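For reference, the chain that follows is the form predicted on its own, supplied as structure tokens.
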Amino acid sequence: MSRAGTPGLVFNEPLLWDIGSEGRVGLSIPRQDVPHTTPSGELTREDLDFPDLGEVDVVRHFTRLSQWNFGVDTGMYPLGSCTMKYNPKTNERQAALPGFSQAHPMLPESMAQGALQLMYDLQEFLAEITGLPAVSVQPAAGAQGELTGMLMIHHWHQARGRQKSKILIPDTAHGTNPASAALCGYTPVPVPSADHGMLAVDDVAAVMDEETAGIMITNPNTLGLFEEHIREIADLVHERGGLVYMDGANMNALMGMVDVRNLGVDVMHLNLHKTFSTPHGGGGPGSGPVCCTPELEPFLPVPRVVKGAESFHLESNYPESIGRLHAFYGNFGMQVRAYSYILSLGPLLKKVTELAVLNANYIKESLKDVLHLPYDRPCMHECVFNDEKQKDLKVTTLDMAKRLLDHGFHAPTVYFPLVVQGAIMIEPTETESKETLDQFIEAVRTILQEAETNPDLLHEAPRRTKVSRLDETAAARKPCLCG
């Protein structure tokens, strides 16, 4: 039986200024032991309007607002390309330890030895997981990790006295890859994937010339497929004087299974906020460490965490470095979570990969008779369908995604990757049980039956959420930001 959504109690919540009453307060201030003074300046402006609220007003307001949200702690969040998995709360607990959460970033090194050791050990863990021995955990997001890798490639060519002008970008790469290359002064050159959804060596050879600095390759790619020819492609790029950058955002499909260095990769970034237990999405802090070969190690950003004979310290004396990425050393709380996640799982990181791949293939096989599967081959962590079979019914990918909300599930990624028209991209991750996957599959199949018998249900969906379907064009052009 599908876990359907329910109308239930859906609270309408006014602005804070519309609740409470004059003179109401939510805290008791101790008796003052200093003389009372009348403030001057901005605080005395009569037009400043602060709501007068009791504690219960504030608590209920924000609790009601939280009930409008849907997230990984509420239910399945099958966004493809995002790895929106449930993250164990023990990792949140370690990140909240006062010695970590309250450490000031400008503490002297003698008072930050625990934090420095954690960063150093995390670098060692990530080196072992990827097979690339040199690591910096300084980049603060996946996109900044991409930029770091591109800057390192740029500096590598510059150090050899032959700067180049182009970077190859497959059409199945993540969307930020071309921007990262362009920010470094490179011209992105698109490379089409072959009929099987992967890169062909001949297609790369056709555009890999002496002006090409390298290739940015997402593996597994955005179709959820492992690039089976990556070693041959890497050899070709190296023979022609280029380097290989791998987008590691999909590492949830490779942990414990693949030595990235053996694939011929020179530099890659990881998304700690996808694979290694940081809640992803909502604009929260990210972390995008970069791992590379010894040949590229001199170009890693500074400062670097160095282990001395008796202590750890930050070292900036690396003359070939690309420099500092930002004021302080990464988003440290994200690193604590990842460190805890890796320590708690250890060798079971391989099991994470196995279950993520198994779950994605289970969904693929369970739905491919009712949804069109453009690339019918074993997938990795995600699978990509489209709305080809529903076109005659005038039912679109968007209709199906909106109707899923009525069945109690967040919608998957839609209309991406761009190489699939009307794409429906599903990534269940390893944290969803077979029972939940079966409920999701049944909900999708029910929706597809509705598409045949009563398509208006889908055209008008969602019906059971607090807000029904929006005019998305108007919302984009005239957003309402007032509440």
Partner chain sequence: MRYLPHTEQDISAMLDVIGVDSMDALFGMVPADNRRTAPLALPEPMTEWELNDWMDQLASRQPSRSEICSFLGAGSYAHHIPSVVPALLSRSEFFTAYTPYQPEVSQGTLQAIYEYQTLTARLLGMEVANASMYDGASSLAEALLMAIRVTKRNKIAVSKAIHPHYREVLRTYFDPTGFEIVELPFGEDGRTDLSQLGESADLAAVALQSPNFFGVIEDLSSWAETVHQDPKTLLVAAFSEALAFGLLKSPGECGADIVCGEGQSLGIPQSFGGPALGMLATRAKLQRNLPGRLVGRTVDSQERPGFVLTLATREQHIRREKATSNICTNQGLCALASTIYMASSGKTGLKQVAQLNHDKAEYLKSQLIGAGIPVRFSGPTFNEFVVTLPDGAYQKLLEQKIVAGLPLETFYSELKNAVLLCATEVTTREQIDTLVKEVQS
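Positions refer to the first chain, counted from 1. Quick caveat: nothing in here was measured; it's all calculated off a predicted structure. Whichever C-alpha set is largest while still superposing within 1.5 Å between the two forms counts as the rigid core.
Beyond the structure shown, there is the form predicted in complex with its partner chain, which is absent from this document and is the topic of what follows.
- Using a 4.5 angstroms threshold between heavy atoms, Phe385 stays clear of its partner chain in the model of the complex.
- By the criterion of a heavy atom within 4.5 Å, Leu437 is counted among the residues contacting its partner chain in the model of the complex.
- In the model of the complex, Asp33 approaches its partner chain with a heavy atom inside 4.5 Å.
- Residue contact check for Phe328: one or more of its heavy atoms lie within 4.5 Å of its partner chain in the model of the complex.
- Taking a 4.5 Å heavy atom cutoff to its partner chain in the model of the complex, the contact residue among Ala200, Leu236, Leu263, Ala134 is Leu263.
- Comment: its partner chain is not present in this chain, but in the model of the complex one of Met208, Leu371, Met380, Ile153 has a heavy atom within 4.5 Å of it, namely Met380.
- Comment: 145-153 is the region of 242-250, 385-393, 145-153, 200-208 lying near its partner chain in the model of the complex, near meaning a non-hydrogen atom within 4.5 Å.
- Shown here without its partner chain, the chain has Gln102, Ala103, His104, Pro105, Met106, Leu107, Pro108, Met111, Ala112, Gln113, Gly114, Ala115, Leu116, Gln117, Leu118 in 102-118 lying with a heavy atom within 4.5 Å of that partner in the model of the complex.
- Superposition of the core reveals a Cα shift of less than 2 Å for Phe70 between this form and the one not shown.
- With the core held fixed, the Cα of Arg24 is displaced between this form and the one not shown by 2 Å or more.
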